[in-house]
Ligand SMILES: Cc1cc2nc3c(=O)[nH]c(=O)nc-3n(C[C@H](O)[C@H](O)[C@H](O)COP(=O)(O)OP(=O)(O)OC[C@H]3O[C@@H](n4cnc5c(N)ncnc54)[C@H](O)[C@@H]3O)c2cc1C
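First, one chain by itself: the form predicted on its own, in structure tokens.
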């Protein structure tokens, strides 16, 4: 069977890449083993335009925000679902110093920051002492709905193979590349945290980190905002909220821990003034990078092999933008942004 591309992985990266390839008229097969929980499925789905204690704008956000809004709405309409909504983030100040930092940043650049009309308007539901600021616009992506609907779409069209990808079955030649019964021009690895063991890209500076989150039912808590006070409390559905997350750079295993469950439970008791019920608890390993920039593009020594990985915590905003860029690069030779191009690691990949 001849196809233009083989995509390995159907997380956010593989899902977005398959969309742009299909819109461009390219043929492809997606190979993805069935996993109940991945970094994409465990994520909150927030696109936040600012980051860190200094409340600085995230990398490329002025380009990423409008692209994400347009892309998710177009993808959702194409699949017949709604998968993006705008939600302001209510950022509650844990200390007077954090309040001061927000106000200083607001004075310098108010593009995404503001103060509410009444900083006490959450006191019926939350315990907080130093007020809060607003971050807007922020977007909330229904990642699971997007992944599930696209998976169903791929299965119905016969373009999904639910199996483990086997590197030993790759046969490279000067004319094409073969994988089992498939002949293709390009294999693109969108394999998330598993990419750290990819034999074609052994020296890339992955910086995998583990996150844990819980699903919590809190009847009566307004779902109008994403609430941030150390943890994020994100509206999920029908009185349920996503609570998380941690960022562990050193961990013994990828499983949920009792330590996080207890810590999060204590946070809920201290912060939320309403009864709550913990419904689920999960953990996943993020495909982050030490540079906090993604890996996008063709291998410098194996032009038939490409990578689309390393989105870290910013996958919801980075994946659609760079999926379109990678599609244009693969089909038309247009350049990848230098800061994201895997070619910046040419020396390491030549070893």
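Residue numbers count along the first chain shown, from 1. Treat the numbers as computed from the prediction; the structure is a model and nothing was measured.
From this point on, the text means the form predicted in complex with this ligand, which you will not see here.
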Inset, instruction - Give a yes or no for residue 165: in the predicted bound form, does one of its heavy atoms lie within 4.5 Å of a heavy atom belonging to this ligand? - result: yes
Inset, instruction - Using a 4.5 Å heavy atom cut-off, state whether residue 287 contacts this ligand in the predicted bound form. - result: yes
Legend entry - Contact test in the predicted bound form: residue 33 vs this ligand, heavy atoms, 4.5 Å: yes
Inset, instruction - Find out whether any non-hydrogen atom of residue 133 is located within 4.5 angstroms of this ligand in the predicted bound form, and reply yes or no. - result: no
Legend entry - Answer range among 61-69, 296-304, 38-46, 322-330 for contact with this ligand, defined in the predicted bound form as heavy atoms within 4.5 Å: 38-46
Legend entry - Answer option from 233, 90, 190, 146, heavy atom within 4.5 Å of this ligand in the predicted bound form: 190
